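Given next, in structure tokens, is a single chain: the form predicted on its own.
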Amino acid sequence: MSHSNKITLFLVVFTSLIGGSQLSAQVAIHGETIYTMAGDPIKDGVVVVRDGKISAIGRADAIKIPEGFRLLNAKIVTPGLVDAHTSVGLSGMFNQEEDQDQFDRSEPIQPELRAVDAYNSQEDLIAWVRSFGVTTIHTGHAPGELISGQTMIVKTTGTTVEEAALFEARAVAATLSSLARKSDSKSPGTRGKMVSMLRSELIRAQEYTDKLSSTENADDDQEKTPPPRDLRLETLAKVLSGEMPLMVTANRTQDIASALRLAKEFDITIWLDGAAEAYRLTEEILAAGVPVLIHPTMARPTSDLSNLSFETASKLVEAGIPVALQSGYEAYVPKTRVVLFEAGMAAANGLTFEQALATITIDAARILGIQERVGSLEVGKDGDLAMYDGDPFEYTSHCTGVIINGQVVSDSKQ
């Protein structure tokens, strides 16, 4: 075989081995307007993505597109959207029992359940939300039990959960609402019982941690025997240490107040989830330094959500409270809302365009702790972008392309 043929064969084999992951990750995106979420919008701008990371961004007349890069065009370019809370990947699109892993009803307190063990990276619902520009989701066990399990953060791509994951364990999901109440003399049957059970478990976790610490520091060999391993208490110990926040679904004023009280009592980090009546406690939430993952703007106003408002997001933003919007969990097909549309409705009810976009990009990323990688278009950050043929919040506009880690994962109009 000649030397030139050997080189050709090597290139063919090399390309097939990497699946084009790096060679196809060289892309440039031209936008009539680019909302970077890190400064003023750029008119007639270009974003260059090399090997999965943003390598250049600016006005088209100042950015040289490297030779051989694929060029895409869009009217509007934004960072890839960040959904602050969903159960996509655990709940499946077709509402069949075998693809509904968002919660386990066997007992009320199950912090040991890991989202990473239930996430289906091949679920069609992931591709569906991605087609609207959603590139990162905070997903996991849904509200419904007092502690339903753990959450995780993933990109909406990847063959396996390991490929998709940014955080395999991000928060512990708790519920202080009617969703967690039991009937037929089962616990918890009242709100007082809910808080009491949570408090008891956190105290048990404190005692478990103290025992571990005492055995590590013991002088006597007999005293060095640690307590039996307990996955439930290990997880709650991470909440107590600040390693994981407690995400508390609470919509009524009294439940939000209970969540804030628990956070102060145990000096733990909490995220308020849902928070339909948060606009009634803005001073208290702001003083506590607690962010809010607001329920879908267009959620049905029933039960604990009966006092929700389209203007909740704008009222909290005006008060200076960190806010992100979410698609949430729905019990009916297709099991989720689209966070893009929820932000669009918030933009029509008090938020400016960029404030609304921030709730599903940079502000969501900051709350989730992933702002160094996603949420804005800046050099060095992940090459995650969404492209639109008009105002993303107008229902007549379409998402025309989605890029994740520099890979074009969607280029058809949605």
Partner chain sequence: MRLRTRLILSLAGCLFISGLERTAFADGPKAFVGARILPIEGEPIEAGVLVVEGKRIVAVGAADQVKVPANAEQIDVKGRVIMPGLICTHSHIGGVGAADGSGPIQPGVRVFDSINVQDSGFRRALAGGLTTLNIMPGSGHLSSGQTSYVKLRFFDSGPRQVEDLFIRDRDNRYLGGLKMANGTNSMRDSPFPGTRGKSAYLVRQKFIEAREYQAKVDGAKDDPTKMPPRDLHLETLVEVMKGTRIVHHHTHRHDDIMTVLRLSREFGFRVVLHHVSEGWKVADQIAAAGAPCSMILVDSPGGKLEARYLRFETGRILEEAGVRVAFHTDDLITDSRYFFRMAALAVRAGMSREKALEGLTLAGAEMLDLQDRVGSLRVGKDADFIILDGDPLSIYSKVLETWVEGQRTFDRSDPDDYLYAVGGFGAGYDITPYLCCYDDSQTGGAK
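Keep in mind that what you see is a predicted model, and the values were worked out from it rather than measured. Positions refer to the first chain, counted from 1.
Not on display, but discussed next: the form predicted in complex with its partner chain.
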item: One stretch from 272-280, 166-174, 194-202, 114-122 that, in the predicted complex, holds residues within 4.5 Å of its partner chain by heavy atom; value: 272-280
item: In the predicted complex, the one of Thr302, Thr160, Ser106, Ser183 near its partner chain [non-hydrogen atom within 4.5 angstroms]; value: Thr302
item: Heavy atom within 4.5 Å of its partner chain in the predicted complex - the one residue of Leu231, Ala288, Val333, Ala319 that qualifies; value: Val333
item: Its partner chain in the predicted complex: contacted by all of Phe341, Asn349 and Ser397, heavy atom 4.5 Å; value: yes
item: Distance check, Leu71 to its partner chain in the predicted complex, heavy atom within 4.5 Å; value: no
item: Contact test in the predicted complex: Trp128 vs its partner chain, heavy atoms, 4.5 Å; value: yes
item: Non-hydrogen atom contact Leu179 with its partner chain in the predicted complex at 4.5 angstroms; value: yes
item: Contact of Gln96 with its partner chain in the predicted complex (heavy atom, 4.5 Å); value: yes
item: Partner contacts in the predicted complex for 304-321 (non-hydrogen atom within 4.5 angstroms of its partner chain); value: Leu305, Ser306, Asn307, Leu308, Ser309, Phe310, Glu311
